[in-house]
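As a starting point, one isolated chain is supplied in structure tokens, in the form predicted alone.
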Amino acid sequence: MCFLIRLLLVAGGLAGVFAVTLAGGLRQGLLALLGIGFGAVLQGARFGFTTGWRDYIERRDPQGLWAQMLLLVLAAAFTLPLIASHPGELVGAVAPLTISLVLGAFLFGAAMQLADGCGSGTLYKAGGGAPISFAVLPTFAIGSFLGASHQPAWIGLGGLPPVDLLRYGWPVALGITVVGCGLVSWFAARGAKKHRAANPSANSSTVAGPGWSRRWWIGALLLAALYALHLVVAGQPWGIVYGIGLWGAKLVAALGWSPVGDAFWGVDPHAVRLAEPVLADVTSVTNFGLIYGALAASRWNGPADFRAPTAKRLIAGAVAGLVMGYSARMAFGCNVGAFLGGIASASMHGWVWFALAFAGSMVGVRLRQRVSA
């Protein structure tokens, strides 16, 4: 029975990739396949950006943060030389240092803890069947649609222009990235050591066993490889939020809303994306694949088992999803588009996003504890 289920899951994935290829071309089919890979790795390794941060904030377990820093270094090492040697053909995720970035990243960090997942986390947990994600994803789409519509006004509040470290050459940019990730890892290790010293009785539970550690590192290695392949195929870094916002825009357009005159959706290239079939959008195709990959990974060894959340958790998740979607557009992306994509592209906005989102997560973890109580 298990063999049959696995066979059907593989056949379903291949059929989906073939259908996307017929509808959107070879590139879109490859992106759908990469999306399946992203979802399978995220679900299989349970590689959660939100979880890694929460583990450190609550228990000073640094493994999630360490694995994320490894992912950033590997992704940068794979892609920075490619971006530098193929200007115009390959582009990085570079954004300005605006007021909206600061505000949006902080709000996103707080909301993702209440939602129990960031953009990628919401998608892969929805694919895995987590009930909370079905409350988060629709409001995330609406929030992202509204946030994109208001994004030009937020950017208009001012800030600093983009700081692209690639202008100094990719070796320098990569070196700065490695040093930055090393410092974060060192501070995380130092905090964990102090916590163990202050709480001797918690030593056995603060850092989990070898199996937990192994999944983090395997996830980081595989995600970095998939990230590099995505850049080569798509010509741009892996993203999540734009596709979800496009789904929200298409939904409200189907209900009678007109994008004419909208500061974001009414101008190219977004107006074109809104008019085209959804399978023509790079981010949407990858997102669809991610959901299926997570579904396949969660069912690989049999049916998934989830505990039903309380009504309070569902309502909090839905509100958090709305805030996440909106604030992600203020901050030029989520943990994938702004944090991973920004830092791996040697853009300083990725580090600013990380600092503010982590600060927001410290608030969000406390709010989550109250909601879960």
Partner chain sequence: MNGRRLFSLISNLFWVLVVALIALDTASSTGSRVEPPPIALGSGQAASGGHCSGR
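Residue numbers count along the first chain shown, from 1. Owing to the predicted nature of the structure, the values given are computational and were not obtained by experimental measurement.
One more form of this protein, predicted in complex with its partner chain, exists but is not displayed; see below.
- With the partner removed from view, the residue among V172, V232, V178, L160 that has a non-hydrogen atom within 4.5 Å of its partner chain in the predicted bound form turns out to be V232.
- Only one of the listed residues (T98, S185, T139, T283) places a non-hydrogen atom within 4.5 angstroms of its partner chain in the predicted bound form, and that residue is T283.
- Each of A126, K250 and R273 places at least one heavy atom within 4.5 Å of its partner chain in the predicted bound form.
- Its partner chain in the predicted bound form comes within 4.5 Å of a heavy atom belonging to F332.
- Its partner chain in the predicted bound form is not approached by G143, whose heavy atoms all lie more than 4.5 angstroms from it.
- Contact check for G24: a non-hydrogen atom falls within 4.5 Å of its partner chain in the predicted bound form.
- In the predicted bound form, its partner chain lies within 4.5 Å of some heavy atom of I240.
- Remark: of stretches 186-194, 105-113, 88-96, 213-221, the one touching its partner chain in the predicted bound form is 88-96 (heavy atom within 4.5 Å).
- Counting a residue when any of its non-hydrogen atoms is within 4.5 Å of its partner chain in the predicted bound form, there are no hits in 311-328.
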